[in-house]
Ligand code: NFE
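In the block that follows, a single chain appears as structure tokens, in the form predicted on its own.
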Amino acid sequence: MSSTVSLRPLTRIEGHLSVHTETEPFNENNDARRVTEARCEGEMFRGFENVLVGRDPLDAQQITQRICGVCPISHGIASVRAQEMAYGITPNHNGRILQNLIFAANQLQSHVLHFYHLAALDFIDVKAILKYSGNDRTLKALQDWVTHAVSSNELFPVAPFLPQWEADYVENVDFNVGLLAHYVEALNIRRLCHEMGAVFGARLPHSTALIPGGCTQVPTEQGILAYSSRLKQIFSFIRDVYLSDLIQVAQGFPQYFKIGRGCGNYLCYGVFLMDSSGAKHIRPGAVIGNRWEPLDASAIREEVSCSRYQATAPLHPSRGETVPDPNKHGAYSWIKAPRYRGQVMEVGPLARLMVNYHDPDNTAVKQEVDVFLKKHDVALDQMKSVLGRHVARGLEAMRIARLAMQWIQELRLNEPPAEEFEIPKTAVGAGLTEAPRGALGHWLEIENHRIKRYQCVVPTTWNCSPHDDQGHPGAVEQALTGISIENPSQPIEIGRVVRSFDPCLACSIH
């Protein structure tokens, strides 16, 4: 007999997401269920695209950063890229590197946040801290906190640690306790990332220094030393702690290399400018059915048949419309349904890995990934999974930290940090980049020196999209289909799959 299993709201993500699944019996001898269909529901409307209409174009990189407090720099970069195209400029040497350095700091902060503070609690047993017998002050304080909560049955004061579902977690007490210690350490690492980004970004999370053509901050010796000293600590944490914890979680849950595959198609816009040509360190492209192709931004369309917006034919974002229709029949989400060549696409760290792995001109990434896969006896096809997304994010964090170490040495003291520009009376521009969670695009149209149209297609818009006009479910909906749920009253399996995508509903409903 079919029944609905829902998570509403899904916690430990950014924004408000409900996940509803239709299930059937998995085994007649117990209560386990198999998911036959899933729906991801974005539950809010914000209207940033409409707010921007009529404003000065230079307002855009500041307003769009407020779409999200976790990945604001991504939106700022996408916005200045769209403006740079519209103004006919490219960042100069310092401007390009400063933008990369600010961007890298925010990307690293987001990756550390995702594993330790959003996803790790799906795999570790928080109550293992009750067996801790050491003298670490932080762990003792956490132990006292959990002990009081358990003994008094007052669990909510220790959120997000407890209450925790009864499920299979890592059994090794020392590893559980160690990862809880790293959870706390990761808070400090995230602070260092913000401080590092603020060295050149003026402030974070919402930088006031990003401008079309570069950055307002002139590089100084003091700034370079301040950035570098923090980067060294962050690099060490990623290399020695983050990647090690990832591997141990993977060893404890090898079945999750076979769960949450998704649509199997991947899209990447590329990120981190290499030079004035527009070439990017993480290269753009698409993989459809294991076949790589160069990115064709003209092939993007947004569909809204199941979205709470007035029905239109599929539109390219440059012609996109955002007209809310909260009572629309058959709609179940405030997220639109973007498609590439009519295909459902996954975006994010795994997509970036797959696109760059299959890119015939990018042998460096293929070699790096092959070394890791061989060392840990993982097949490439197994990366299309819950654990594959986590591993891809960790490997990428290491790559970004290494790149930042190169960039900081390339800054030129006493040289301008930006190009001059004028806002044209009429122009169009597109800013395609990569947020931590995946492909991010801003499309801008200027008329009479003001914004006439502004559209954003955001990573979680791709991943958590509802069904499209042909009835095809989105990437997360497909990843949920077919998984088994051992206890329908505590469907931790749904949480593990969805959180592997690191959803940001604040962005996707913008």
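Since the structure is predicted, the reported quantities are computational estimates derived from the model, not experimental observations. Numbers follow the displayed sequence, beginning with 1.
Same protein, other form: the form predicted together with the named molecule, not shown, and the subject of what follows.
Among Leu98, Ile335, Leu210, Leu440, the residue placing a heavy atom within 4.5 Å of the named molecule in the predicted complex is Leu440. Taking a 4.5 Å heavy atom cutoff to the named molecule in the predicted complex, the contact residue among Leu267, Ala82, Ala397, Ala435 is Ala435.
The candidate stretches are 242-250, 71-79, 176-184, 224-232, and the one lying within 4.5 Å of the named molecule in the predicted complex by heavy atoms is 71-79. Taking the partner from elsewhere, Val458 is found to have a heavy atom lying within 4.5 Å of the named molecule in the predicted complex. Applying a 4.5 Å heavy atom cutoff to the named molecule in the predicted complex picks out Cys504, Cys507 from 473-510, in order along the sequence.
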